[in-house]
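Before any questions on how it binds or moves, here is one chain, the form predicted on its own, in structure tokens.
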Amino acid sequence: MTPDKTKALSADPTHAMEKDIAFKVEDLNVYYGEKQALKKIKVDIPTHSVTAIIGPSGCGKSTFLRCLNRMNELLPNFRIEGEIIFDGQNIYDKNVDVIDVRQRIGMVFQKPNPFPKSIYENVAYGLRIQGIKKRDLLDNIVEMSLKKAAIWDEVKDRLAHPALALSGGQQQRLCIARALAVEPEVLLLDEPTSAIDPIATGRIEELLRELVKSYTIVMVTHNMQQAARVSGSTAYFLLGELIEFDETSKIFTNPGDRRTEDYITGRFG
């Protein structure tokens, strides 16, 4: 392959990082035009764990999350410095295939965003883009993905029905199923329960406890109780800086920075 062509991220374990680290973020600076959104972020995100990202509005949480699968490149005037190492390679290297990055590092957004298609076609969408046409294979992957997202029993008899007819919580689980269908290694969640009711929120949290057995999950949340319930590690952002990153139990009971404590206890933010 010639140097100017894009390539998939390496799957060679000899080039991978320590097996317990999913992302190694080094000196990350992010700009939108002249405005700096993230400042010198340095953090190692563990594999097969839920990492929660907390902090007040406008502190850079979602910007950081979108950096992990290059979604920010879709925004105007975006510029990045530093490295995000995934599977032994900087995902921002000019030779890395962005489509491969986004397939291996899936994303679910704050507001459920099913396509105006059937439930079945929502889940099969990414597979069809990959060129998968065999109906029996599509059927198997759709069923498996809906089961992984804990929604199969609710929709198995109406797969041809419009996805937009589902409740908000069901739509969000459908979006998770859609992300899982292309077999990612990482799932990024940007406040996945902020637009749904408490009962649906509980179901999503139960789902995350199951999914983390097979996937690395990084989740932005404004709900600190949720972070405490489902995450193994927590990162606290403030004004574009990573103030503290540690095990969730330590962050919530014995934070190392006064600014973290002020936010956790409600004195700030």
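Bear in mind that the values here come from a model prediction, so they are computed numbers and not experimental data. The numbering used is simple: start at 1 and walk along the sequence shown.
Unshown form predicted in complex with a small molecule; subsequent notes refer to it.
When contacts are judged by a 4.5 Å heavy atom cut-off, residue 160 does not count as touching the small molecule in the model of the complex. At a distance threshold of 4.5 angstroms between non-hydrogen atoms, residue 199 is out of contact with the small molecule in the model of the complex. In the model of the complex, the small molecule lies within 4.5 Å of some heavy atom of residue 56. With a 4.5 Å cutoff on heavy atoms, residue 46 does not count as touching the small molecule in the model of the complex; it lies far away. Note that among 140 to 148, 175 to 183, 73 to 81, 89 to 97, the stretch whose heavy atoms approach the small molecule to within 4.5 Å in the model of the complex is 73 to 81.
The single contact residue among 207, 242, 37, 228, judged by any heavy atom lying within 4.5 Å of the small molecule in the model of the complex, is 37.
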